[in-house]
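The chain below stands alone and is given as structure tokens, in the form predicted on its own.
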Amino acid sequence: MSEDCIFCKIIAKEIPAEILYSDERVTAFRDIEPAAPVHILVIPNKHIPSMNEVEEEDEKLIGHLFTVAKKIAIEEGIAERGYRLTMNVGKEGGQVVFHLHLHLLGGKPLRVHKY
């Protein structure tokens, strides 16, 4: 845990959040600035600043983020229609909070980006 990390504080229940899922490895909650009707963040309980700091020992944890995201997509009723999973890495990648997190977005047709 990092003392100044907002996501670590959510995991520790020091800051309120609408938590949808929590176990010993991950926590999932609604984004406070949603970019879609369904916008949920799935985060590891272990403080990992970004994907660049993921180690080989974290492989099962990272996989668990995705299986939890799938479970939540089903519970939110968006799995059949489709949804997007994204992970921003670093400032130029759009990462704002430096605690690794997976965005689960859905509930409407999502624009396809042309890079």
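Residue positions are given as counts along the sequence shown, with the first one as 1. Values in this document were obtained by computation on a predicted structure and should not be read as measured data.
Only in words, not in the display: the form predicted together with adenosine monophosphate (AMP), which the text now covers.
Within this chain, K46 is remote from the site of adenosine monophosphate (AMP) in the model of the complex, having no heavy atom within 4.5 Å. Not displayed here, adenosine monophosphate (AMP) is approached by L41 to within 4.5 Å at the level of heavy atoms in the model of the complex. Looking at E33, you'd find a heavy atom of it within 4.5 angstroms of adenosine monophosphate (AMP) in the model of the complex.
Among residues of the shown chain, I10 is one whose heavy atoms approach adenosine monophosphate (AMP) to within 4.5 Å in the model of the complex. Along 75-97, a non-hydrogen atom within 4.5 Å of adenosine monophosphate (AMP) in the model of the complex is carried by N88, G94, Q95, V96, V97, in order along the sequence.
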